[in-house]
Ligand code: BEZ
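What follows is one chain in structure tokens, specifically the form predicted alone.
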Amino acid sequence: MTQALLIGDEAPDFEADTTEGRIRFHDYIDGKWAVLFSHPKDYTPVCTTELGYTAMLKPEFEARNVKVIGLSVDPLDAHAGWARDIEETQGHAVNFPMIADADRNVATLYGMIHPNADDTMTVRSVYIIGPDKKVKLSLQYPASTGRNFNEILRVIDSLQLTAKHKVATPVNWNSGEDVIIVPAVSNEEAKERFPDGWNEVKPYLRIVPQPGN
């Protein structure tokens, strides 16, 4: 049984054929952020809506220095035909590589097949991977539920703020709203990072406007 990938683990490297040629995953990341997500099967309705919406969001991902790559356990020729359906029905052509994982090597490596749900196709897995190739987030959805890719963008915004400014984001936060200075930052360091000060609700709860906003 494949051990679940945990936040902070290095994302496993692999080679695979995609709709944009053969890749080695770590080379594909190439110092950027990455979103690797699986869809259970080609020519299925929920997946069709997800891939069309993800294609529409390409400018948003690019603005955040994020590469997107999809996966299903279907062969390459199936991906090509399905992509035409996605463009026709969703109004957006697939503009990111889709991994053909018919042998299920990558799906197994990333724990995307949950046998008690279905042992023939993947669940809707999402992995956000940092430039350091470490897993920053993992989500697992059932095959029947489409994902909220706006939430994935929100998480990326939060992760990137933490990486750059040492702040965390509170419940239901959206980009542009106030953030929290992480507890590991002392008041002395906080004065250097946030010279305009902060609202200290509690010593461990220091609120500041979103940096760079």
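Nothing here was measured: the structure is a model prediction, and the numbers come from that model. We number the residues from 1 along the sequence you see.
The same protein also has a form predicted together with the ligand, omitted here; what follows describes it.
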Given that the partner is absent here, does His79 sit within 4.5 Å of the ligand in the predicted bound form, heavy atoms only? no
Any of the heavy atoms of Ile128 lying within 4.5 Å of the ligand in the predicted bound form? no
At 4.5 Å between heavy atoms, is Arg124 in contact with the ligand in the predicted bound form? yes
Heavy atom of Gly31 within 4.5 Å of the ligand in the predicted bound form: no
Could you tell me which stretch in 66 to 74, 36 to 44, 158 to 166, 182 to 190 has residues with non-hydrogen atoms within 4.5 Å of the ligand in the predicted bound form? 36 to 44
Sort through Ala102, Leu139, Ala143, Leu109 and report the residue having a heavy atom within 4.5 Å of the ligand in the predicted bound form. Ala143
For 53 to 72: residues with a non-hydrogen atom within 4.5 angstroms of the ligand in the predicted bound form? none
